[in-house]
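The form predicted alone is given below as one chain in structure tokens.
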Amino acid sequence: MRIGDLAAKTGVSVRAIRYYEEQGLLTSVRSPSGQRHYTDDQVERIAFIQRLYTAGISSRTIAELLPCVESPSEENSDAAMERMRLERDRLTEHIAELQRTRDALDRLMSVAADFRETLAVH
């Protein structure tokens, strides 16, 4: 299928698909006229890439994880597990930071609500 068809099937822009190729996350076969052609398997691959992006994983990290998906082996699995552990640690810290930010916002909202009550009394 051509790039526009793949974009339509996946809900991802043509620009994003080209970016995935540039980053080594996706491959295509070129026609004699230079058009990109993709297989149906690429639809699932893009869905997988999108899930990883949604989790906050960078294209560089995704590229490091793909060998485990493409050609599972003990070596690839060990490398992927280590990389995923590092990503999980990074996400855990990010979640903790978001919780601290939310808690600070809750305190600020409480102060603002108390202030508004003092204005209403006067």
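One-based numbering along the sequence shown. Everything numeric in this text was worked out from a predicted model, so none of it was measured.
Just so you know, the form predicted together with the DNA exists too; it's not on screen, but the next bit is about it.
The three residues 15, 18 and 34 all sit with a heavy atom within 4.5 Å of the DNA in the model of the complex. A residue is said to contact a partner when one of its heavy atoms sits within 4.5 Å of a partner heavy atom; residue 57 meets this definition for the DNA in the model of the complex. In the model of the complex, the DNA sits beyond 4.5 Å of every heavy atom of residue 51. Within 4.5 Å of some heavy atom of the DNA in the model of the complex lies at least one heavy atom of residue 30.
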